[in-house]
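Quick setup: one chain, the form predicted alone, written in structure tokens, and binding and motion questions come after.
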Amino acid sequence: MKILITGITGFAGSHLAEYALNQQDVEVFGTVRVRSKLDNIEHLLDKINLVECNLLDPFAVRKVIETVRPDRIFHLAAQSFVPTSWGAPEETLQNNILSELNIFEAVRSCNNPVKIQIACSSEEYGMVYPEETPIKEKNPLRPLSPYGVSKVAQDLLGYQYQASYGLHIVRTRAFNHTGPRRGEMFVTSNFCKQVAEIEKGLRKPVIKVGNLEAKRDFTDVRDTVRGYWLALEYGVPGEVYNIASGIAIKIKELLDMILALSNQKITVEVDESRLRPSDVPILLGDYSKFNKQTGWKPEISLKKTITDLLNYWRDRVC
């Protein structure tokens, strides 16, 4: 079986490649750009096939589909950092929507019977009221960032192409996921990197933070990508599934967990530049629909996830 992972050099993409390589009779292909950094997949380079492709170029995308003829496509490539979407809304919308559109059109034109998983996001739910939690897939979508809007567009475009053209498309709305190799701009990774730098004496024992009151539902990335795989094994085309832990904690509680793993005495300071124009107050997912369809459930504890992430940064800062 040939699988194609867009965004294979990214956080989730690299973990999905690892997971896929552990399955039987799977050949892994991944799209890269000229400027792509290969750090996350350096240990996999002799086991995977990289294909240069700008996903915004419809002709390049079609060539990849024609050449690889994948049996499955996991579309993970995106501008995925919410704060960046505030400063670059046009780029975020263009990258996230047009890239997916080009994939769908390439699959249609090549008449390739491929299964496609679309990595959507809990950020689509946006403004969620307390009485609406835990969030089910039928909850209204009220995105509060340009990133959230772009993911709604991806989500509904996937629904439309399945309904209109019969493409085998399964959508997954992953809630916050973290773990080793998470980009340093994301909250869990940023906190862990700061702690690792403090432990190495590279910065003062002060950790800079943003909004600590927001509540988030964290899943280990290794559980999340297992969910992506199961979505194409057992998911129903046209359906959308939440991938979540079913537990929401305040960012402050998460920070306390990280600080408890260090023997340093660290002061916490709010950095105004880390605050967003608007923030989703709570994201707590209900994954019962996905569990019923695929048997998926989270297996890795948040403590292990955070410990692995902190140790990841301890090995890298110097």
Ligand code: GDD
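In this text the structure is predicted, and so the values were computed from the model without any measurement. Position 1 is the first residue in the sequence shown; the rest follow in order.
Unshown form predicted in complex with this ligand; subsequent notes refer to it.
By the criterion of a heavy atom within 4.5 Å, K193 is excluded from the residues contacting this ligand in the predicted complex. Residue contact with this ligand in the predicted complex: M185 places a heavy atom within 4.5 Å of it. Remark: K208 counts among the residues lining this ligand in the predicted complex, judged by a heavy atom distance of 4.5 Å or less. In the predicted complex, no heavy atom of S99 sits within 4.5 Å of this ligand. Note on contacts: among K63, R274, R69, R33, the single residue with a heavy atom within 4.5 Å of this ligand in the predicted complex is R274.
Between the options S121, Q117, S150, T219, the residue in contact with this ligand in the predicted complex by a heavy atom within 4.5 angstroms is S121. Stretch-level contact check against this ligand in the predicted complex with heavy atoms at 4.5 Å: of 76 to 84, 196 to 204, 104 to 112, 133 to 141, the positive one is 76 to 84. Along 279 to 303, residues D279, L283 each place a heavy atom within 4.5 Å of this ligand in the predicted complex.
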